[in-house]
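Okay, here we've got a single chain as structure tokens, the form predicted alone, with questions on binding and movement later.
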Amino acid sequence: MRGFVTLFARELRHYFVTPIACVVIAVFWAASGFFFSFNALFVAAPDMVSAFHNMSLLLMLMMPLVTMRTLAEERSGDTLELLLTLPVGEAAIVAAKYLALLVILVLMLAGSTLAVIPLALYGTPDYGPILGGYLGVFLLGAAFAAVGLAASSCAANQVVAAVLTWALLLLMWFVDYAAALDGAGGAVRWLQHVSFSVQYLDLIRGVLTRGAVVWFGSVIAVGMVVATQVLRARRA
């Protein structure tokens, strides 16, 4: 347990020693605030559904910038071998790095909650769907982080890890488009159920379905298992 806590603290500290986390968090806050203000002032749509939609797209663009260094930097900096000599298992290493990513994700979403203040001051928002929407966007971001962690474990450097993560996220976002083709059979239509763009629709409305929670939980589990197995193969 002590080794896990030490790894987690080391990982989190590294994010804030370098400007990566601060820049990504600041840009996310600024972009999400801009889009919310634009919708409220110029589109006359001051609601959190559009805000959650914009946050989801921003997370897909920005999470690869956070996850790219998790394991790829260890490999390119020749510190991965040293990390693997520590008396902790591969699963603990992956879990510590993933937990640090979740802290960054929480900080990103926490700053966006300022958008709720004008809704509370000038309207009568339903806080249930807002809370559900934030939980949904958190699940979406957590799944993005797991995909990025798995990609980083397989990449030789950070740039490759970021590009690979973007490619995987885009594929998993638009994979349901194949089901819209004329003559698509049942074997193709199941893609509608494994697409991020389909699963997140209820989440941004504040509706957490059991199927969506299981789907995002499965993506997270697969990402962490892949990263763990890659580390295990390198240690062997």
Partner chain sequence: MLTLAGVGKRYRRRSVLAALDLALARGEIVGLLGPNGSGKTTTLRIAAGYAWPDSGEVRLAGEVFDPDQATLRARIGYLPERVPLYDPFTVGEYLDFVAAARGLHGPSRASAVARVIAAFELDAVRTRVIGRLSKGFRQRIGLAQALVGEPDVLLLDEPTNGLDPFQILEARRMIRAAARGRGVIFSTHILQEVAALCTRVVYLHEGRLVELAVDGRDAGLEVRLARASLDAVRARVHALDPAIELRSAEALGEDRHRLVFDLGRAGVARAELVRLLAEFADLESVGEATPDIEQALNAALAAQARGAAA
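The shown structure was predicted, so the numbers you read here are calculated from the model rather than taken from an experiment. Positions refer to the first chain, counted from 1.
Omitted here: the form predicted together with the partner chain. The next part is about that form.
Query raised in the report: In terms of non-hydrogen atoms within 4.5 angstroms, which of the given stretches 112-120, 125-133, 157-165, 81-89 touches the partner chain in the predicted bound form?
Result: Result for this chain: 81-89.
**Report entry** Exercise: Val214 in contact with the partner chain in the predicted bound form, heavy atom 4.5 Å
**Finding:** Output for Val214 is no: heavy atoms all beyond 4.5 Å of the partner chain.
Query raised in the report: Should Val17 be counted as a contact of the partner chain in the predicted bound form, where contact means heavy atoms within 4.5 Å?
Result: Yes, Val17 is a contact residue.
**Report entry** Residues in 1-39 with any heavy atom within 4.5 Å of the partner chain in the predicted bound form
**Finding:** Stretch hits, in order: Arg2, Thr6, Leu7, Arg10, Arg13, His14, Val17, Thr18.
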